[in-house]
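A single chain, nothing else alongside it, follows as structure tokens in the form predicted alone.
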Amino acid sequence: MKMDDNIDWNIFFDIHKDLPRQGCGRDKYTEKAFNMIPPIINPNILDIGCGPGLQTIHLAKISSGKIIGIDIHQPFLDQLNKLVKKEKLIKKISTINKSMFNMDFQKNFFGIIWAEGSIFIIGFERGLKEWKKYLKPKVFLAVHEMTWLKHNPPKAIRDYWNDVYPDINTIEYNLEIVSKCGYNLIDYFPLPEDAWWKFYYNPLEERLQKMRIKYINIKNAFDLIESEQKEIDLYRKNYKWYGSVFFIMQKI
């Protein structure tokens, strides 16, 4: 769904509140990506656009590092903070309400920067360039980004994504950006179809059914609901053509 100034954010967050994830992902794919990174002792980890933070929790469990999760929507951070307490990870995870457009962390501070499905907000190339200064030399960045998985997609989904996220591109093109921005590629892999459904699209689709009743006579809400349903329906029919690809890289 396109993120633009015409969205009624109150309705958007009403739809999305308390969902387990705000994008695709599963613990096993977070762990797969993390295990591609060479061992690093007690890294400072920055999780950008952490949302409600299921991946943040799992990173804390599988790493020896301390994690800062940032997001601009405080209810998502509150949701994460409840999980942190429940999982007894207070000493390993802290959260800050901060925009990825306005980060002011110390340069060369982090051993790992992590971003699951959030880099599209700032743009893949811009994110790789701007976030690089916060990484120590020779350390690591892991993100997943919406990407064409096959060439020459059908017009319907090409038109949809050119409107929603014009920067969507091929794996090959994104690999060129990784190199251009001063990183060595460690590895990459597309997130499989199951990464989208259990913790994101299935609970979101159930929520949309309830929202249609709640907002039955409110046109802008109904339009937003149907826009989100369209995204789900398109993925259901066309998942072989596009998806989110994990790119794991090392700062040169």
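As the structure is a prediction and not an experimental result, all values here were calculated from the model. Numbers for residues come from their place in the sequence shown, where the first is 1.
The same protein also has a form predicted together with a small molecule, omitted here; what follows describes it.
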Within 4.5 Å, heavy atoms only: does residue 117 come near the small molecule in the model of the complex?
yes
Does the 4.5 Å heavy atom contact test between residue 59 and the small molecule in the model of the complex come out positive?
no
Even though the small molecule is not shown here, does residue 110 get within 4.5 Å of it in the model of the complex, heavy atoms only?
no
Taking heavy atoms only, is residue 71 within 4.5 angstroms of the small molecule in the model of the complex?
yes
Which one of these stretches, 49 to 57, 206 to 214, 36 to 44, 182 to 190, sits within 4.5 Å of the small molecule in the model of the complex when only heavy atoms are counted?
49 to 57
Joint contact, 142, 246 and 251 to the small molecule in the model of the complex, by non-hydrogen atom at 4.5 Å:
no
